[in-house]
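Here we start with a single chain on its own, the form predicted on its own, put down as structure tokens.
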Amino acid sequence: MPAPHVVTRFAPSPTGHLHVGGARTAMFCWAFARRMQGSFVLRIEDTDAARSSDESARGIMEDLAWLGIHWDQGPTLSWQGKAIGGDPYHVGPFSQAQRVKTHYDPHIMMLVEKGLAYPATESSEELEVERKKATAAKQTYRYNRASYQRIASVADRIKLIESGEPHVIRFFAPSGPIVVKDQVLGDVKIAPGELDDFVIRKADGLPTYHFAVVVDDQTMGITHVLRAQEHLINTPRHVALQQAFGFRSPIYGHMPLIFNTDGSKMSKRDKAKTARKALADAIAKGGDAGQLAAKLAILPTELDAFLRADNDSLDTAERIARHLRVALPEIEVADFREAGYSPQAINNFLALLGWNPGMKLPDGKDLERFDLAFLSEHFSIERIGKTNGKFDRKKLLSFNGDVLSAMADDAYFEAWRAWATACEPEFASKLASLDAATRALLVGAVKPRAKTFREATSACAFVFARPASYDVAAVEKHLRANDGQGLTLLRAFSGALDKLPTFDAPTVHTAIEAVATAHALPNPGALAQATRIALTGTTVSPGLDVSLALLGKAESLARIQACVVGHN
């Protein structure tokens, strides 16, 4: 079966979770392939043996599958009872580590035999001396081709390679200009002599990224390469290698980057920055760094190094965040999954960071809300912009809230339970224990006020556990102030609730208004806040009538009584 005309690819390095920027790249590659009735390839670039892991590779695949970005060719993943991936055109394997002997080594030797690549035996120490000389002379360092000149014949170069003497393989860079034809940025020209003789095979025998990607794109039939602009610096090297082999060059499109709203690059280091600031604030307020280190099970010297930004340890950041109860910013797709975001909202939001459908709504506003089906039908490279995107978290949260609120209640509950099963299994078991009527009441209480499933979980946590403590400031303001007005209202309200023949939200609402009227309150606010403190320990909860109905009569009365007794 011949390969389809258009073949795109997403080629992540399995060194961690999938960054949202990578997710956008994958989505655009997928959408273009779908629009053109082509094929989308997932390739795992794992030649960095020290940093790559099978666990990361699987995590990336699961993140893509969760987003709905399913690949036509690539490693096989079982997802929700279906298999994603495979090798219908027999161009695999799709892990670069498995392609060294079968694909990269033969192509390396092709270049060596043509005199276009050669072994270089300089040690890292020798190269460092040359770099320092160039720096001292205020010149750009370029490898001086000493090994090429020392070993003049192709036969001798091959003999050295086969001898086992330590070496790398360098590409003999062309002296002429290089032109990268880019569908987003236009032609990008590299002046003659700009490229140096870069390494294409490392001393450990593994190819460099530059070499492997060129061989893979050719042998896998990749026709279009869409990737972030940060890769543009690499593309002239790839074009030079393609020309040396006589390969066709894929059609390139280098897309704008994604930044934070403050203009900084969105990266995993943002988590460390957030934790570092929280730690500094805690110490400034009188916290003892040594005691904090002990509580965090971190050596004081390591904590001090983190505080000075000598390292951005994710483990340290997460420990600090848990201890200080600070939310770290979501950066990877897995972060957003765990926070309870909808894949539909993430896809919609990411698609607008660098692409515009160019369509208007009847009221004249730009079309912004759409799904993957719409994207795959309308995506085009021509509508990719050049301006870097700003990751507006408030806008994403708004998108997500709209997606969740638009769900039917039954669908919302099932999606919520599915999220909890994966991310909060203990809470998932509590949801599963509820009867149909309570489920409906619970969804009705949290859906209008929660923009993520994690927010929904927090909003109803009081239903499953009595307050472990009470907000001190709230107690003073809403219970003890005005000669204990709040406590007086709670006693009266408890008596009214106890007399109710039924205990549903409408009946409870009537009781709230009756007690407020009986005490000449201008509105039920004072009673509501006092009751919320009794039920949840804070002044925050869903609608009070619904909150009481969720707890039931006996539990509501018990909590009110406990609060009154505890604060007399």
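Just so we're on the same page, rigid core means the largest C-alpha set that superposes within 1.5 Å between forms. Source: prediction; values computed, not measured. Start at 1 and count along the sequence shown; that's the residue number.
Not on display, but discussed next: the form predicted in complex with the RNA.
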| query | finding |
| --- | --- |
| Interface segment, criterion being heavy atoms within 4.5 Å of the RNA in the predicted bound form, picked from 407-415, 286-294, 334-342, 124-132 | 124-132 |
| Three-residue site 360, 448 and 541 fully in contact with the RNA in the predicted bound form at 4.5 Å by heavy atom | yes |
| 82, 114, 265, 159 - the one with a heavy atom within 4.5 Å of the RNA in the predicted bound form | 265 |
| In the predicted bound form, the residue from 399, 427, 462, 306 that sits within 4.5 Å of the RNA by heavy atoms | 399 |
| Contact flag, residue 47 vs the RNA in the predicted bound form, heavy atom cut 4.5 Å | yes |
| Non-hydrogen atom contact residue 31 with the RNA in the predicted bound form at 4.5 angstroms | no |
| Non-hydrogen atom contact residue 529 with the RNA in the predicted bound form at 4.5 angstroms | yes |
| Residue 390, heavy atom within 4.5 angstroms of the RNA in the predicted bound form | yes |
| Within 4.5 Å of the RNA in the predicted bound form: residues from 218-242 (heavy atom criterion) | 229, 230, 231, 232, 233, 234 |
| Core-aligned CA displacement of residue 57 at least 2 Å between the shown form and the other one | no |
| Large Cα move at residue 137 between the shown form and the other one, threshold 2 Å, rigid core | yes |
| Core-aligned C-alpha movement of residue 516 between the shown form and the other one, 2 Å or more | yes |
